[in-house]
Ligand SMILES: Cc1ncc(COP(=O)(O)O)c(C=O)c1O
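Take a look at this single chain in C-alpha cells; it is the form predicted on its own.
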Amino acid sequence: MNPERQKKAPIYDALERFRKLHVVPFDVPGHKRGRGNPELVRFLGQQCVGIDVNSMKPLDNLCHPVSIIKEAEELAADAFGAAHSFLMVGGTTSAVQAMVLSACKAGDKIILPRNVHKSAINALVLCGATPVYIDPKVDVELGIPLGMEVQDVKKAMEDNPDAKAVLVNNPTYYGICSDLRTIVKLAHEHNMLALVDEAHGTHFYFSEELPCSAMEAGADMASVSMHKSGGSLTQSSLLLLGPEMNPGYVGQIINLTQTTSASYLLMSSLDLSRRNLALRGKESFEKVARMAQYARDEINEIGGYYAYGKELINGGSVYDFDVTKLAVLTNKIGLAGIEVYDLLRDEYDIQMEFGDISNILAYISIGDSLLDIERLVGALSDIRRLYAKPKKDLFTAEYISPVVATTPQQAFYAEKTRVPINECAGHICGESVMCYPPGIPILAPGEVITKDIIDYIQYAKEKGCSMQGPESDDISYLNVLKKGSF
C-alpha cells in the first residue's frame, strides 16, 4: 500500500469541485439539487442533496469508469492488497452474486458451506449452478454453525473434481473463521476459483492481530462490506479481485444487474472510508478489538451469560476467531437471544445487531466508545436481575442439516402449491425461509422440509425472530413443489 497516494479521495474531490460550479441541472435526479423537494432538504440537508447527482463526463460513470471512479477503484485495490476492485452500490449482496455469476454458469458445480448468506443461494437461482453443500459442524452449547473443516472441503473437491469454485465465509456472522489459506491452496490445486464472502471481515485488512484476509490468503475474489465495519454508508461495498481474474469479464457480469444510476453519495462514502481505513485503520481496529475484549470480560463477570472469544479456537472448525465480534450466549438465564434483544431495545434503548434463538450479537466498530460498552454491560446485568428465568430446554442449534432434493433454480421455477406449514413435512420447499439477520436460510429452494425444521421455524416465530423469505407474510404456509414438477 502506498500511504502517500492513499491520502487522495478522487470522487469526493470531484464532487466538491462540481458543487462550486453551480451548474444548471437539466438532467436527473428530478429534485434538482433539492429545489424540487424542500422536505427532502430539511430531512437530509443541502450538503447531501446537493451532491445527489447523475453520471456525467466530469464525474465518470460506474458502469464504465475511465477517470475519477477508476482512480478510486485503483486506490481501493491498493489499500486492500487486491489486483483490481469494483465499487459496489447494491450492497455486499451484489458483490457475492457477482462472484458466483462470474465463476459459474448453468450446470456448473460450486462448493460452499450451507450456512451461507441468502445472497449466495439466490445467485444459484439466477445462474442455475448446482451447489455442493458442506455441512458445518455445530457448537451445540452455543447453538451456532462453525467453519468448514479442511478435510470436508478436500473430500468435496475430490468427489466433485469438475466444480468451478469454492466459496468460504470469512468470518461467519459470529466471528468464526475457517483455515482460509489452506482452503485457497486446495482450490487452486484442484483448478477451482476461491471466492470469499467477507461481508463481516473488512477490518481484517488493517490489523495483523486479526484473522487472515482473503487477498492475503491468495483468494481470487472477495466481497467486502465497507458499510459494516468499514464506516461507509449503508449499501456500499467493494468487490476485490486477485491477479488471475479478468476484470473486464467480471465488470460485464456486474453490469448485468447493477443500476445504471449509481449513487454518488454511496460512492463518495466508499472513497472517504477507504482513505480513512488506509490512513488510520490499524490503530482504529486495535482499539475496537480492545473494546470488544473489555466487553467480553465485563459481561462474563455478570454471571449467567457467556461472551465467547478465542478460547473456541480448535485448529479445525474454529481455525481462528474475530475478536471484534461480541456474541453473547443468553439461554443459560432462561431467555432466548431474541428476547434479550427485544428487552435491550424496548427497555434500555440499545439496538443490537441481532438476536437469535441462543445468542445476541453486538457489532463493535470504529464508531463505538467505552461509554457505550458500559451502558450495554449495565443493561445486561439489569436484565439478568429482573427478567432471568430458570434455565429450560431450548433449541440447541441455529443450523439444521438439510436434505437437498434439487437445485435452487429448478425448485424456484418449478410448479408449486401452497401447503399449511404444519403439513409441509416431507415436501420439497420452493422458496427460502430465514431469520433476518443473519440471513442464513433455514430452508432454501430445493430442500426437503422436515418436522425438526418446522418446529424450529415455529419456535423462532414465537420468540419474535424476524422471519423472511416466503410468499406468506406470517409464514403460515409454504410454497412446495408439486410432484413431478422437477
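Since the structure is predicted, the reported quantities are computational estimates derived from the model, not experimental observations. Numbering starts at 1 and runs along the sequence shown.
Not on display, but discussed next: the form predicted together with this ligand.
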- request: Go through 178-186, 329-337, 221-229, 409-417 and give me the stretch that gets within 4.5 Å of this ligand in the predicted bound form, heavy atoms only.
  value: 221-229
query: Does at least one non-hydrogen atom of F43 fall within 4.5 angstroms of this ligand in the predicted bound form?
result: no
query: Can you check whether Y173 is within 4.5 Å of this ligand in the predicted bound form, heavy atom basis?
result: yes
query: So in the predicted bound form, does any heavy atom of G316 sit within 4.5 Å of this ligand?
result: no
message: Residue-level question: is T324 within 4.5 Å of this ligand in the predicted bound form, judged on heavy atoms?
response: no
query: Is this ligand close enough to E73, G81 and R274 in the predicted bound form that each of the three has a heavy atom within 4.5 Å of it?
result: no
query: Of the options I360, L270, V96, L240, which one has a non-hydrogen atom that comes within 4.5 Å of this ligand in the predicted bound form?
result: V96
statement: As a check of understanding, the residue in G91, G309, P402, P247 with any heavy atom within 4.5 Å of this ligand in the predicted bound form should be identified as G91
- prompt: So which bits of 420-437 sit within 4.5 Å of this ligand in the predicted bound form, heavy atoms only?
  reply: Y436
